[in-house]
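Read the single chain below, which is given as structure tokens and is the form predicted on its own.
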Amino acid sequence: MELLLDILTVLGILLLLIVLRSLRRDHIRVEHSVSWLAAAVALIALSRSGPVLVRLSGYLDLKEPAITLLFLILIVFLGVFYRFSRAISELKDMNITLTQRVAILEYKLQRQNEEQQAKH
């Protein structure tokens, strides 16, 4: 169990470093990095808090604290993925609206050019 918790701590630290590096190089926006940073800190904190995990295991009726931690990680990352799915869906809708507006503007410009050529 201790080895798994140590591995999860290392993974949390790696996630934290990767997010900070991506943030510094402008590969990720600040508002998107907050979710990942919170998930990394939660992963590190929970993997290092043995008594809390044992207590949570008792509440969840799970025998191993490491399984409890994996369960909590799953819940946290499902929340992060859901948040990004909503953002992607919103961006897709905005992209469709923008494409339709550009098409309408192109049509109006083309029609205006045809009317001007007809007058000359």
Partner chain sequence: MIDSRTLLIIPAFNEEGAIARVVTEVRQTYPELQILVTDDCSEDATVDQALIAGARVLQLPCHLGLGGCVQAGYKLAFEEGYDTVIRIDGDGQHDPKDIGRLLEKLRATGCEMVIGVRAKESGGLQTHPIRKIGIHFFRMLLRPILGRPVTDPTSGFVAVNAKALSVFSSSFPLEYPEIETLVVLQRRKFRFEEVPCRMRKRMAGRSSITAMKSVYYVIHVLLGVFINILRFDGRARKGQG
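Numbering follows the first chain given and starts at 1. All values reported here derive from a predicted model rather than from experimental measurement. Here, rigid core means the biggest group of C-alpha atoms that superpose within 1.5 Å across both forms.
Absent from the display: the form predicted in complex with the partner chain. The rest refers to it.
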Flag L17 as yes or no: does it have a non-hydrogen atom within 4.5 angstroms of any non-hydrogen atom of the partner chain in the predicted bound form? no
With the partner left out here, check for me: in the predicted bound form, does some heavy atom of E114 sit within 4.5 Å of the partner chain? yes
Applying a 4.5 Å heavy atom distance criterion, does R101 contact the partner chain in the predicted bound form? yes
Can you tell me whether K108 touches the partner chain? I mean in the predicted bound form, with a 4.5 angstroms heavy atom cut-off. yes
Does R25 show a Cα shift reaching 2 Å between this form and the one not shown after rigid-core superposition? no
Core superposition between this form and the one not shown, C-alpha change of L14 at least 2 Å: no
